[in-house]
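Shown below, as structure tokens, is a lone chain in the form predicted alone; questions about how it binds or moves come after it.
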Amino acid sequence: MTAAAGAHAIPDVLAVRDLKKSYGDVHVLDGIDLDVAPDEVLAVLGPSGCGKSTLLRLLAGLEPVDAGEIRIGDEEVGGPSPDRPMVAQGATLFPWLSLRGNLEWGPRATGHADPAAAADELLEATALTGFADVRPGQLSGGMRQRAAIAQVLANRPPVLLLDEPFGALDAQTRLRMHEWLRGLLAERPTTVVLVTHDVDEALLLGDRLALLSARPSHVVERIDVPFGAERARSTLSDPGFVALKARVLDLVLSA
């Protein structure tokens, strides 16, 4: 729990305890412990192959845990749920539907009173109103990722899982996406677990960082990110940002 939440004033929305996962003789996760507070963005970093994406799949309920537990509030995670949608790199939309159709799909499927109004709200939030009738294949990569994140946020899930969501985009587009996502989360607060290999991305988006060791991985460091909601590309040159980035890079490389 973050300091801002107060001492035990707000229960952690997501709690992971002694989580373990192996594939045959390959031990991937070895006792992961995490707490994520409501509306917090936790960025997970670690060496390549340490099990970051495996952790996210377990949080999503897409794979069973070998030991330990994952809880959302008072409920133990036992399988997939629309309350924990995951967006991965190169996330796909329904190619036969327009952008509006994609954004209406979730609210319509869950019996929303006005799916069209829900889609309009998200089109405005993602600055894609002018592309409402365009199919996904006609959108740029950045637009598709914005739309994919908007699609899973349509039902206002309590937890959003992001697995390298901007990894396929060029550097300039990634920076624009970071600013866009921070703005969207300011308007639609959501608890987020972000897996990334990009330290800049982790520091621009995360409220806290969790650094994993090499496989079999455990949490070796938890770091509060001291930059506020006004973070932007100009933050990259801030001396405090540069110093923290160097520290995090050193920790990742030595994990």
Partner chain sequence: MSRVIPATGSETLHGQDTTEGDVSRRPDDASAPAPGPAVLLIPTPALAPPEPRTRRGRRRALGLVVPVALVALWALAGAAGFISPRLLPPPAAVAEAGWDFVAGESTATLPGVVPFDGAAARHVSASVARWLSGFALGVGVGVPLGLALGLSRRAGELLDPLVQALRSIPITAWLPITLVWFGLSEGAARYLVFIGALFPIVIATADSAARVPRALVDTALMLGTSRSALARRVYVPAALPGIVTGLRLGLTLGWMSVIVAELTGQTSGVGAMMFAAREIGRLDHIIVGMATFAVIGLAGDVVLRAVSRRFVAWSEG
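Model, not experiment: these values are computed from the prediction. Residue numbers count along the first chain shown, from 1.
From this point on, the text means the form predicted together with the partner chain, which you will not see here.
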Problem - Contact segment among 211-219, 224-232, 26-34, 60-68, judged by heavy atoms lying within 4.5 Å of the partner chain in the model of the complex - result: 60-68
Practice task
Let me know the one among Q89, T173, N155, T129 whose heavy atoms come within 4.5 Å of the partner chain in the model of the complex, would you?
Solution key: N155
Problem - Option touching the partner chain, based on a heavy atom within 4.5 Å in the model of the complex, out of L185, L123, L93, I72 - result: L93
Problem - Check all three, P165, G240 and K245, heavy atom within 4.5 Å of the partner chain in the model of the complex - result: no
Exercise for the section: Indicate whether the partner chain has at least one heavy atom within 4.5 Å of a heavy atom of G141 in the model of the complex. Expected result: no
Handout entry: Interface membership of A109, the partner chain in the model of the complex, 4.5 Å heavy atom rule
Key = yes
Handout entry: P85, heavy atom within 4.5 angstroms of the partner chain in the model of the complex
Key = yes
Problem - 4.5 angstroms heavy atom contact with the partner chain in the model of the complex for W180 - result: no
